[in-house]
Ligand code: G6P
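Okay, here we've got a single chain as structure tokens, the form predicted on its own, with questions on binding and movement later.
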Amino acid sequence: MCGIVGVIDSKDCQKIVFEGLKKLQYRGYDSAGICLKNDKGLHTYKTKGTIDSLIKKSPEIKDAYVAIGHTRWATHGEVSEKNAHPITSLNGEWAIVHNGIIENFEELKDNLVKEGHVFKTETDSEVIASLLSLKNFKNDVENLIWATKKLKGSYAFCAMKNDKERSIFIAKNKSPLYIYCKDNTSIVASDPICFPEGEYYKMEDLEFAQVSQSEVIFYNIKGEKIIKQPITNMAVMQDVSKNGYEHFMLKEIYETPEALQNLYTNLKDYDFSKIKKWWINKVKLIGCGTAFHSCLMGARFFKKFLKIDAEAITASEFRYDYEILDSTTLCIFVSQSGETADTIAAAEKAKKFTKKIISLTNVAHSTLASISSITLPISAGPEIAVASTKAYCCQVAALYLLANAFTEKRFDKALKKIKRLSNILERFYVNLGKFAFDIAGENSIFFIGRGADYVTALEGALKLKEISYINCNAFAAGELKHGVLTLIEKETPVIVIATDKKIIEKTMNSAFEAKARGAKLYLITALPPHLVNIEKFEMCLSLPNVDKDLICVLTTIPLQLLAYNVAVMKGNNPDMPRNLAKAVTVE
């Protein structure tokens, strides 16, 4: 989940690395570092904390022509300056930055220690630098491939040698890595958002490269040169600045209407003919975290519109559980980045049983997209804040369209509903200051709902706990009396999501059971006041009327804003919550 950047440029390599690392902080921000090379050798600077802390600590080296940088999400070894990357070999010959997990690092480390190597960090990554320094092949690429053959696990790394060559050596397996090379500037990065407009290369598993200032030479695991074709991703060219907003999260919440409009535009003429020919007996929807919640909502759509067995499963469980799959099973994998390690592994497992693999992702050239039979773009655009907002809304909307795509007439109606929802959202943004102030000081908060509202409650609780650090839990409203009521104390906040008229009385009964035991009730609803006994709630947020199947998207927006406001009131940075990163590229 770390972010890596490597640059070869005769003028601005230090500046380009810092700019790239700032764009990659969503991948981790425990610590950061940079190593620069000039004719005098390697110069390494590291620090705990963010890229801004690194910039303040790093002197300007104007004559540097190669640089590698790293922003870390800790896996092995505590968060410290010592464990920050870049990491150098004991002899100072190599410096590396690494994203991934080396699963056999303890075995490798023990063997290297026996050979006299001394380790300076607690990281698994240091074995890479040590292995690179162990052999001295005529060709450094041979050295690179020899070292990686010793590794088990996931890795994307840049290696820089302490010489006067203007080269970066890179290797990739199960972690993303991309290369840009144009106009005497080469950039290697974990995400193409670091690149200027234009073409770039995507590294595949067990591919290697020697990157120079004006050329990239690619190799396979046998050390043979290979030819790769560049790709262009229009999403790379989109704006990733805050545009005057205090935080990316707030900006991205407000971009939801535009994102839904883009989804509408990109899917209205999409060719679903291949999907319509599939004989499907059941549907599995797989994702992690927020993406899993969208899968829960998607399963409801498939059951309702296609009258077919549909189940949502977390990717980490799908990988190791006894899932029953066959050629008639449709598997839908959802991942904002398309690089979520558990989701990719789950998709690889599913491919052994069925060819009916659909991925929903925000990154068209991601690993998940490349292993899927069909990829539907969720069209949310760059999402930098760790807590997913507009991407979740687009995932739910895309699943709604997909479930309706098997009948042309129904799909056309679904498209119109998405467009209408986008128009309504443009006018629907509320001030939740008082609501947020009421709960910001609480230690425990409950969310309840039934049906689709229960899924929304799960997502609302996740958003609030992610960035406020309050212990938030969501429950199906009918389950309160089956154990949860023991946790209700006097003044405990309970946020009730209630948008379904058919079961409103049942939802209210559960809410009032909690109130009878001292809970403070807060309501989010699209129903008339007389149906919800509004006087029994501390506060009520009324939503505009939209299609009942898409009210879940609308309901999510105030919960996202609530989480944002609470986090800011508590002095937290909502873009960078502690202990988390956005692209979870390790298991």
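In this text, residue numbers run from 1 along the sequence as written. Values in this document were obtained by computation on a predicted structure and should not be read as measured data.
Not pictured, yet referred to below: the form predicted in complex with ligand G6P.
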**Request:** Name the stretch, out of 304-312, 440-448, 401-409, 337-345, where some heavy atom lies within 4.5 Å of ligand G6P in the predicted complex.
**Result:** 337-345
**Request:** Identify which of Cys158, Ala397, Ala291, Ala380 has a heavy atom within 4.5 Å of ligand G6P in the predicted complex; exactly one of them does.
**Result:** Ala291
**Message:** Can you pick out, from Glu466, Asp124, Asp191, Glu255, the residue that has a heavy atom within 4.5 Å of ligand G6P in the predicted complex?
**Reply:** Glu466
**Prompt:** Does the 4.5 Å heavy atom contact test between Ser388 and ligand G6P in the predicted complex come out positive?
**Reply:** yes
**Request:** Tell me, yes or no, whether Ile8 is in contact with ligand G6P in the predicted complex, where a contact means a heavy atom of each within 4.5 Å.
**Result:** no
